[in-house]
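Shown next as structure tokens: one chain only, the form predicted on its own.
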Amino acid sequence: MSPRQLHLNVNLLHSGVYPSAWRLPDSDPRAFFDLGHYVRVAQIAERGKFDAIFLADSPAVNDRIDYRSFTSMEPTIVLATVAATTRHIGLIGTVSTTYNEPYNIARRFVTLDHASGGRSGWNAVTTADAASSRNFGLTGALEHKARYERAKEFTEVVHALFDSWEDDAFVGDKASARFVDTSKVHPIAHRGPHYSVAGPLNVPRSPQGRPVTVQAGGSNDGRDFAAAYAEAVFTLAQSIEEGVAYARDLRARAASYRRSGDSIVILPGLATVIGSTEAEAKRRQDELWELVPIEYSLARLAGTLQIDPTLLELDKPLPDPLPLPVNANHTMFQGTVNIARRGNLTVRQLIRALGGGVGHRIIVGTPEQIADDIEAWFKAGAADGFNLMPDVLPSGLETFVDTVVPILQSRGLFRTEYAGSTLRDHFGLQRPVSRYAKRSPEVASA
């Protein structure tokens, strides 16, 4: 049996995970809408043998755009551009189930899978913010549980559409004038509480069978959704103990859906600040921190907690109690509160611990220290790998690829070459059989 291998994605957050990343001398302020920037970062990640690049998305202006760069361009179009300039790196794009239609999304990702030779992944999320809802004709965000009920049905429809063409439905036989075997192209005839979709998809089955389904969300509803549908999960954990507990819980839930929990790749977020010495790494962190205006950090923290910024006093702890907001991002809310309570931090200390608004775990140190930390989490079962969030892009990723990856490779933890050509190959996931092929007479009699 082959030894377990680490997985690494890069979360391509425009200029970098720090809000001040765009202000460093070697950063390009235009990076967030420069396709060339995304291509360069993807090519660096591919040189480092990363599994995939990961693009977040927000269909609204949700941040302080007077201060920082932000998520802007539509992910699948960016990924199609990246696909044309890379050969191996996986391409994961975030698309919301709240403000889209299943048919369009299934068609988009199968098309991307064909365009990339089988490298696409769909990060299925729900959208909670009011600003996005107003861009789609609503006056407010849907309630949390309702969003996830829609998301489950949405994903079920997308998966059915992924399967609506069997692998050998396309014939293309010139001699017999037989183009498509229509007995292997299936309407899905879905009628549910939220969607009515006839199908089939008008694109042949994708090279991977299905694009990989990814999920990001750690609430109870989010975990249940991931257990039912996700093949990889982007999550938040601040300690090995949290990571192990999350993995056990998710795998147990998957079993209740008759799925193997080990078939889900768990990837906590990890922000990195790297220096040739620990002192150099801390100086870089200090520089990034000092370039973040405190008013921005307070507003960002208040938004995560869904409270009035005036309730946050810099040199006092967070208000107590802090009730879980109905329509907040539950994962980021709970992670932020846990950091504050565990360390008994003041608001000022918490903002610094969050990197001015990051939320995910931050590790600051030398390449050896970063590699040691990653190995500890991996061997403890707290992670199958990480969704890496370098402090600054592309420089932080280049440093990771040139200094940390070789250490992980020398320890036998990470690949030295790609073993396959698809995202499923990279993640070690099986190629799914079309649900409709199981009903075909030829399969039934085999």
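Numbering starts at 1 and runs along the sequence shown. Remember, it's a predicted structure, so these values are computed and weren't measured experimentally.
Although not depicted, the form predicted together with a further copy of the same chain is the subject of the following passage.
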Hey, in the predicted complex, does Ala380 get a heavy atom within 4.5 angstroms of a further copy of the same chain?
no
In the predicted complex, does Gly199 come within 4.5 Å of a further copy of the same chain, counting heavy atoms only?
yes
Might Gly222 be said to contact a further copy of the same chain in the predicted complex, defining contact as any heavy atom within 4.5 Å?
no
With the partner left out of view, is Arg435 within 4.5 angstroms of a further copy of the same chain in the predicted complex by any non-hydrogen atom?
no
Taking Ala60, Leu112 and Trp165 together, does each of them reach a further copy of the same chain in the predicted complex with some heavy atom inside 4.5 Å?
yes
Residue (of Thr71, Thr331, Gln238, Thr304) lying close to a further copy of the same chain in the predicted complex, criterion heavy atoms within 4.5 Å:
Thr71
Within 4.5 Å of a further copy of the same chain in the predicted complex, counting heavy atoms only, one of 315-323, 243-251, 127-135, 372-380 shows up; tell me which.
127-135
Going by a further copy of the same chain in the predicted complex, which residues of 32-55 come within 4.5 Å of it through any heavy atom?
Phe32, Phe33, Leu35
